[in-house]
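Let us start with two forms of the same protein chain, each given on its own as structure tokens and named structure 1 and structure 2.
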Structure 1
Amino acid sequence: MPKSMSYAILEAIRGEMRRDKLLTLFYEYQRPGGLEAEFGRWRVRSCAIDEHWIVGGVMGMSMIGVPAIAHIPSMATFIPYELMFNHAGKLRHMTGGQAAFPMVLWADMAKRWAFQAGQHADAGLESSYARLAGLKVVIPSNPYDAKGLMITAIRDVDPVVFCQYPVPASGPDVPDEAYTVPIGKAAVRTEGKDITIVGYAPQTVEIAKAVRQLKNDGISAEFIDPRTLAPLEGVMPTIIKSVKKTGKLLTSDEGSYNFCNCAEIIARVAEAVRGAQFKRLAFPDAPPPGAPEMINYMRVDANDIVAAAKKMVKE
């Protein structure tokens, strides 16, 4: 059985906790199975429903050189937003390089599932973090990247926001040993020449399906997963190169439309590749309703991606 995303992440954390005797994890109710038994309560701390503590406590700890991970649930993603903005992202700069936050904000993320209205099925929150200076933001789409990016994030002396979306296992097998996946590099999931499709996390499932369908229909799509959302400097060359080749960029977001991550990607490509064709698919600018009829209608799926790609290729 392939390792799940959660398993791969916990394996990464366990390995790093063995490697660094100070590395500490704060969490709320999403129990990191097995870790407390191995490392004890002080290093694996179950906290009150207090995301300011979970994140702010980790920040204070990491300031004195105790690297730490703050795990917060998906409905609380923005409670520590100002702490990450005004402190984790800024203090190194404001102190002329003295302050460091060797921390990971491990953010559990939701997707657009039914029966979980409003606060429990919102997605795309990463773009609010990606716009904050001084933070790195990564979003793995498969267990292999998840483990490698988590290890890189932990070893990074800068604060990293690690977004864990619920995505079924796919991609390469996850080795038991430690390995790293670099922050700031995109992955070309499928090579193609007719159109470039960009998306990450839950949308990779839809895009992968769409790419197979398009292939059957004679369209060769290049599918790129950015994996990192900030900084984007190392990610963009892969995407720009692709769009220079295909002349077409289609993006698909699980998050809502306005200011979604792919808007930034399109804007950067539009500056770099004149005359290309662009299309952005996304959830509407609405909260997610609980009724399945409504939310399933609103969410972008493989069929929508296929239809949009075909339209662009025909034009």
Structure 2
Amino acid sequence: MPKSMSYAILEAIRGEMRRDKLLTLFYEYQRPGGLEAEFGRWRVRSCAIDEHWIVGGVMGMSMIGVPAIAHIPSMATFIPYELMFNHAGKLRHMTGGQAAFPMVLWADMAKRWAFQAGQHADAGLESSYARLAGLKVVIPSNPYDAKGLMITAIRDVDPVVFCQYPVPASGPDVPDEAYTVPIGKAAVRTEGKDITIVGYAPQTVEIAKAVRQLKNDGISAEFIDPRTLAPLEGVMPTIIKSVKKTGKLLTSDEGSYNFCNCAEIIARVAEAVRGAQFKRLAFPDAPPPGAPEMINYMRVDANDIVAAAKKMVKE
């Protein structure tokens, strides 16, 4: 039976807690199955519903060399922003790199689901963290990448924001043993020659559907999953190389149209590839509605991606 993303992440944390006797996990109510029984309540700590305290505690532990993970729910993704902005992202640099900061902010991300209302369905906050200097931001789209990126994030000396969107299990089988997926390296999910399509979780699900449909319609699309949103320096060569080949870049983002991460990707490609065509698909700049008919109309799906790609290829 394939491992789910949540299972793969917990498997990564369990292995790292066995490897490093100091590694600690703070969480609210997303009980990490089996970890507390194995490692005890001092290393796997159920906390009060206070995201500032959870992230601040993990931050303080990391400052004295104790690697730690803070797991926060989707409705609280933005609450510790000030701590990550003014402290986690800067203190390592303020010491000239002498101080390590081995902390992971494991953030559940909101999905564009119906009946959740604006407060719980506003996706795309990973872009806010990605713009903060000093932070690394990763966003896996399948269980294999999730396990490998979590292990890499835990072992990193810099603070890492690990964004988890709910996506169905897909991709390669997840090995039981430990392995790493590098931060700062994009994955080419499907090779193609007519158009480059870039997007990260959870839009990867819709893009994969669109690529298959486009293939049936005679259009060869190259699908690239950045996996890392910050830093982008290692991600961009893969995307730029693809756009130089296809001459067209279509991005698809679950976040809002203005200031989404894909807008930054387009800007960097535009600086590097003269004469390319660009198109950005994203959620309108409005709070997400609760009604299913409305939110399904507003969010980007495979049909939107297919229509945009066909128009660009014909132009």
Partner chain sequence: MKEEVCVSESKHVVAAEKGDKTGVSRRTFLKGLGAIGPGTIFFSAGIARQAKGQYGPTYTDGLSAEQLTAMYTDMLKIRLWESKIKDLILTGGFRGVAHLYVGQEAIAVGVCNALRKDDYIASNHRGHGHLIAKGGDLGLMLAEITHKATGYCKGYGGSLHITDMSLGILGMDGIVGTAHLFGAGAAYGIKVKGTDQVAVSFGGDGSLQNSFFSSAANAAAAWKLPWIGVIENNAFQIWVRSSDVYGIQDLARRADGYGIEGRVVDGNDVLSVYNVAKYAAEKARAGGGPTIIECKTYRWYDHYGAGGAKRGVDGAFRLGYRSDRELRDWMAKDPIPRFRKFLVNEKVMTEQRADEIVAEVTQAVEDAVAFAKAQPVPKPEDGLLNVFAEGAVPLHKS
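Just so you know, these numbers come straight off a predicted model, no measurement behind them. The term rigid core refers to the most C-alpha atoms you can superpose between the two forms while keeping them within 1.5 Å. One-based numbering along structure 1's sequence throughout. Only residues modelled in both forms are compared.
- As for origin, structure 1 is the form predicted in complex with its partner chain and structure 2 is not.
- In sequence order, 95-100 is the sole run of at least 3 residues present in both forms whose Cα atoms shift by 2 Å or more between structures 1 and 2 once the core is superposed.
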